[in-house]
Every structure is written in C-alpha cells, then in structure tokens.
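Shown here is one chain on its own, the form predicted on its own, set out as structure tokens.
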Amino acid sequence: MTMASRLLVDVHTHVYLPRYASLLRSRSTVPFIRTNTTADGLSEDRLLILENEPSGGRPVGPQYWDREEKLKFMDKHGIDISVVSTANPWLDFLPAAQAQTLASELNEDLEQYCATSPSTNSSGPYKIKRLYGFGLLPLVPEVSTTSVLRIVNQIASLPHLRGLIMGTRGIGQGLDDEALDPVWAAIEKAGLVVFLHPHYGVDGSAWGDKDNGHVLPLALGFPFETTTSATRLILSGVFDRFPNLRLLLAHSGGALAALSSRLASCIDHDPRAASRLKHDARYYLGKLYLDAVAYGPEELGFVSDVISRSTGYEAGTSISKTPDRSLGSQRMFFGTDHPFFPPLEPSEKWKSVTENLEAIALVQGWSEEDKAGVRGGNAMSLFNLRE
C-alpha cells in the first residue's frame, strides 16, 4: 500500500467563501446571515438557511469561511486532504443572471482557495495540495443551457476543482428533467464528479407539532430528499444515457440502499417505468459513489453489500451475486460535514470525525486495505489527487 493511499481524505466538508458570506449578510430573507446582540452585549452572527430555523439559526464564525480555520480543523483531526464544497443552498435562491455571474466568481475564488493551500507531506513523484474543490453551477429556473455549459467548462479548466456540487432541484423541475441532458453529457465528457447534496428535505408537516429542533429535518428529511432525487435519476434513464457519469451521494445515499429491492419490485409491476430502463433498478446502485457519513459500522457494511451485488442485476444476468463487502467499499468515502455539528467544548474533537472513523474501523468484512481505501485511497483515485 503506497503512502498516498494511506492519506485521510475528507470529501464532505463545506465552506462559505467570503464573497458568498458577504452576499448572505446583504440579505434579510432566507438564506441570510443575521447579526444579533447577546444578553452580554456581544455581537453574534447567525446563519439561517431554512425557513423556521430553530433557535433563530445556527451561530457562525470564522470556521465557516476562513481557510486557516479549515486547516486547523484538519490538523487537529489528522485529515490530510479536504475536497471542499460550497454549502447549501448554493445559488438556488438567485435570479439567473446573478447566479451565472456569482457561479463564475465563486469558482475562481475556490480555485484560489485551493491552489494557494499548503501541500501535504506525502512522499512520491507528485505534489499533492491539502485542499481541492467542488465548483458551482448556476442551476436556477430560466438559466440558459449555454450558460450552464460555459460554467461546466470553466470548472473543468480549473486545476484544483475536481467536480461540482449540486442540489436536487436542477433548474427547477428536478434532476430528471430532460433539459439537463446536455449538462450531464458535458459533465460526463469532462470527467467531473457530481456531489449530490440535499437542502430542502421533505414536507415539514410530516414532522408534527412537537418541537424537536433540527433533528427530524436533518436526520430524516435530508436523507429522504437524496433518496428521492437519486431514485428519480435512475427512473429517468440518466445512467443508461450517460453510463460514465460519476455521482457521489451525501449521507451514504440516504435510504436508497435499504429500499432498493422494494424499488425494483415496484418498477417491475409498472410498465411505464420498466420500459425506460435497460437493467433492474438495483444495478444502478453500483454506478453510484457514496460518502461514509452514516456514523455506524452496521450501516456502512450493509450499504457496501448492496453496492457490491449490483452487477448481478445487469440485464441478461441470471446468476444471483453474493454480496462482497470488500468490493462495495471501493465506492465509499470518508466525510465530516465540517463546519456543521461542532463539539460543545472547543477542546473536544468533532464527533462527525471520530464516530465516522470509528464506524469505518469496525465494519466487519472490510480488510485493512478496504478501510484505508474508504479513509482516503478511494478518493485519491476518484479525484485524481495529484498536481
């Protein structure tokens, strides 16, 4: 195993770049950053990205936009490389013209943020930076296809951007909208990784009237949003039309793995859906990449089982494939969701780091090489992390 394959790589870590934070401070409706005065007479910034945020939003500070704070966090937790993405809600709330301009500017900002970061201490023929990034597309209603494709090309031309982050609404109709086909084609041709991340959750009325804070929207709403969006992509035939598209799902793909056989059965009994697909729905899970932000070894082991069996559901295959966790692990990646969910005490390590690393370490059926892959080796390969 090479030294580079032993690096710890965080693929799910966010930043609100200063230009983006400045925009949020200029606003008075969600999403925005509001400055409050505490009972002690001190100023406190709070970020509101969802309607009806509990506690008036979440407190924010330099860890959201200061690169040195990101690097301090990485150093504290032994993280060698981070593939950084702008956090939700991206540019979804802007008119098309402003979104186009800001996407281009923020992509240049992120390139500079990464390109001027320090290099790792890894040995080998290639210099490896500590920071790489996912760019942004102006995916908003009324944007022209030409404008989106121009930004895809921009991202592909920036050497430290290795993919792009995308929400679930596309240009307003969802990611299964055929209007996105030229965009998928360009992304596939450029070899960019798409990081699919939730923001909108599900209908809030499902949570009832009891005040449970962020728990239900974040623990259930976000993963269900990802599950639904990824399923719609599968049903639309996107992975048949663009078989080399590389899609990374946040939060281990939500409930998609657990519901994949039920999904396949429902498709079999609905000719409208079945006629669109070349393969059994379970085949397409093997086309996906998943972060390992699931916090439990049992969940990670199960997800890797489901991924590994996918080739047994390719059209024309009649032999049932026994799950191989080792094979499934090759499409899974460590993540932290920094700077969200900080510890209660500044001296503590972040549970999003320690619990996810512990979960990877305790998965039964993963070899030490498999675990090293999930911690970083898989990301080094997928994102081609070298200069």
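Each residue number is its position in the shown sequence, starting from 1. All figures in this text were calculated on a predicted structure; none of them were measured in a lab.
This protein has a second form, the form predicted together with a further copy of the same chain, left out of what is shown; the following refers to that one.
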query: Contact test in the predicted complex: A190 vs a further copy of the same chain, heavy atoms, 4.5 Å; finding: no
query: 4.5 Å heavy atom contact, L344 to a further copy of the same chain in the predicted complex; finding: yes
query: a further copy of the same chain contact at S260 in the predicted complex, heavy atom, 4.5 Å; finding: yes
query: Contact test in the predicted complex: R162 vs a further copy of the same chain, heavy atoms, 4.5 Å; finding: no
query: Contact test, all of V215, A219 and L362, partner a further copy of the same chain in the predicted complex, heavy atom 4.5 Å; finding: yes
query: Per-stretch contact check against a further copy of the same chain in the predicted complex, the hit in 114-122, 74-82, 252-260, 147-155 (non-hydrogen atom, 4.5 angstroms); finding: 252-260
query: Of Q98, N244, Q173, T317, the one that lies within 4.5 Å of a further copy of the same chain in the predicted complex (heavy atoms); finding: Q173
query: Residues within stretch 250-289 having a non-hydrogen atom within 4.5 Å of a further copy of the same chain in the predicted complex; finding: H251, G254, A255, A257, A258, L259, S260, S261, R262, L263, S265, C266, I267, D268, H269, D270, P271, R272, A273, R276, R282
